[in-house]
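What follows is a single chain, given as structure tokens, in the form predicted alone.
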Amino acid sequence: MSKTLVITGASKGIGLATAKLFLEQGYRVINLSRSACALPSVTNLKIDLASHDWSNEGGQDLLQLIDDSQEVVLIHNAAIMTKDSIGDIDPAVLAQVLQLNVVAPAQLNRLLLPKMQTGSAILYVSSTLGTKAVANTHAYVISKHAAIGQMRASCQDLVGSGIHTAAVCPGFTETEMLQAHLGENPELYKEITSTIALGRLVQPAEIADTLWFCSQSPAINGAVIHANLGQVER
């Protein structure tokens, strides 16, 4: 049986770790992103999901690649995080964040759903910030809350299809995106890890394991899964 993972943003971080795991499990892996995934067995489609008309250029190529798949796992992983607040949010930046983090997944769902058979799955990578908020991450928080809402709406719309869906919410994960957002500030990292019950950052491979489990578990349908090593409540 031909099994395919379609994942966005698999060139680094959580996406790269997830692509590696699915390859090891015998899946064909297709990465959609501007940067290629370095894993030699991955098929890369260079697509800018931040462009609202990306499907006009890459959509048909993607459909042809999954045409023979009896099972498709679609993982919405690509995201952008910006520094902004209620007082200085730029509407153009908000629109860009929403396009990549929310609208592109909706476009991908609509494109691929006719090719997805019973046993397939649609997974959303949300965030701890999909259920709460911190200051100065305004657009990202909005988009990750929206990802959970999109997953819940997906679950209802997919009733009777045999396709299941879930949202995985990573906590602070040791990725390039987090490093870029926090900068080189050891005190800030120390402050962050003090809020994590196990005292360290989540590793991308741990989120990949969680996504794999969700993809293989139809009982987890419409569920929000927190993968954050536990949070210290104060």
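Don't overthink the numbering: it's just position in the shown sequence, from 1. This is a predicted model, so every value here is computed, not measured.
FYI, the form predicted in complex with a small molecule isn't displayed, but the following is about it.
The closest heavy atom approach of V125 to the small molecule in the predicted complex falls within 4.5 Å. Under a 4.5 angstroms non-hydrogen atom cutoff, the small molecule in the predicted complex has I14 among its neighbouring residues.
The small molecule in the predicted complex is approached by A10, whose closest heavy atom lies within 4.5 angstroms of it. Using a 4.5 Å cutoff between non-hydrogen atoms, F172 counts as a contact of the small molecule in the predicted complex.
In summary, the region of this chain contacting the small molecule in the predicted complex, judged by heavy atoms within 4.5 Å and restricted to 126-134, 155-163, 86-94, 109-117, corresponds to 126-134. Of the candidates L49, V42, A208, L62, L49 is the one whose heavy atoms come within 4.5 Å of the small molecule in the predicted complex; the others do not.
Between the small molecule and the residues D68, D53, E176, E191, the one pair within 4.5 Å by heavy atoms in the predicted complex involves E176.
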